[in-house]
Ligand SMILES: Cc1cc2nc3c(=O)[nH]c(=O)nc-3n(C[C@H](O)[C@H](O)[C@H](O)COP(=O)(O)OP(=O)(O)OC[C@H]3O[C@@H](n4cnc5c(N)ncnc54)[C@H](O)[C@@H]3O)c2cc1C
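First, one chain by itself in structure tokens, the form predicted alone.
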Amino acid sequence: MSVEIWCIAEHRGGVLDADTLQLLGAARKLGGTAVAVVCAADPAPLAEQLSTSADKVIALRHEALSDFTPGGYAQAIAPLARERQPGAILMLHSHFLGRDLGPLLASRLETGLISDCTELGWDEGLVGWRLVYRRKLLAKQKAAGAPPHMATCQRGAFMPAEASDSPGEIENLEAAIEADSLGWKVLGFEEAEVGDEDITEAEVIVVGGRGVGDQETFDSMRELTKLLGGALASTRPVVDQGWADRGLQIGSSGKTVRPRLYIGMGVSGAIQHVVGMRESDVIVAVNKDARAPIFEYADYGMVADLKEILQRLVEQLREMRG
């Protein structure tokens, strides 16, 4: 496939959202030409940054694009998309673009939108996999009709595009926008508090599942996490029990992670959790149920009582560290 795949860049305050590079990685995985589309009052710095990871950058400039508004971005992108007919347009799902711009842009282009995709493919059109029915089933959906097809992608579901020594071409265009028709404007931003632990950045993650059984056992996993220099995380049942904060949850209704080492303690391996960790480099699973689905994904598995294994790991790591 040689068609262009447009990836709408997410940014604020002149700072690029690094997860935009995951969209470019998804475009490359589809076999298309990875085109970054950046809208801003002054897109030049962002365009230069994106050019190292994209095959091409389209920089759309207009004063009305100084802050994100769905109407402004749609006015800038839709006419160009109608003219050039890219194969697909991708956006991040969990922020402004996917939630606000995606539906509006799909409506103006008279095309469908596959939302919150954990995987993408191409079969004479865009194919997306997403969780449905309270995230209990995995649905495969195919875009119908003529391109451009559209999808929003779950953060962390795709590997970021690697930087190249040969930067992609940058095309600078002046967007045609009726500023009076935008309907609203941004007055400011208030930053939400961020916890000390960011599991999406951790290279080692120890995860407690339903099998930990109680708050005390989950808390005891913190020592193992500390000895490994990693982060503690959980599955949804642990959060629902109140043993862990929601910010530590991995899975379709939590966060997606790609650590170098994932250690699952008492994790059953339900698909809702697996979609958030299956791209980990090395997966270690400890579960007393030999039929637990997590073993299908594990590089190393132990059918054992997690409390016993946890204690032995902590003791051996203490010895190693003196």
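Throughout, we count residues from 1 along the sequence that is shown. None of the values given here were measured: they were computed from a predicted structure. We call the rigid core whatever largest set of C-alpha positions still superposes within 1.5 Å between the two forms.
This protein has a second form, the form predicted together with the ligand, left out of what is shown; the following refers to that one.
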property: Option touching the ligand, based on a heavy atom within 4.5 Å in the predicted complex, out of S268, S280, Q49, T69; result: S268
property: Contact residue in the predicted complex, from R82, H95, K142, R108 (heavy atom within 4.5 Å of the ligand); result: H95
property: Segment that reaches the ligand in the predicted complex - one of 144 to 152, 229 to 237, 70 to 78, 84 to 92, heavy atoms within 4.5 Å; result: 229 to 237
property: G211: touches the ligand in the predicted complex, heavy atom cutoff 4.5 angstroms; result: yes
property: Non-hydrogen atom contact A304 with the ligand in the predicted complex at 4.5 angstroms; result: yes
property: 4.5 Å heavy atom contact, G32 and the ligand in the predicted complex; result: no
property: Interface membership of G251, the ligand in the predicted complex, 4.5 Å heavy atom rule; result: yes
property: Residues from 287 to 301 in contact with the ligand (non-hydrogen atom within 4.5 Å) in the predicted complex; result: N287, K288, D289, A292
property: Core fit, then I271 C-alpha moves 2 Å or more between the shown form and the other one; result: yes
property: Core-superposed C-alpha of G87 shifting 2 Å or more between the shown form and the other one; result: no
property: After fitting the core, E169 CA displacement of 2 Å or more between the shown form and the other one; result: no
property: Cα-Cα trend for Q154 and A233, given that in the predicted complex the distance shifts by 3 Å or more; result: farther
property: Relative Cα spacing, K255 and A36, in the predicted complex - shift of 3 Å or more; result: farther
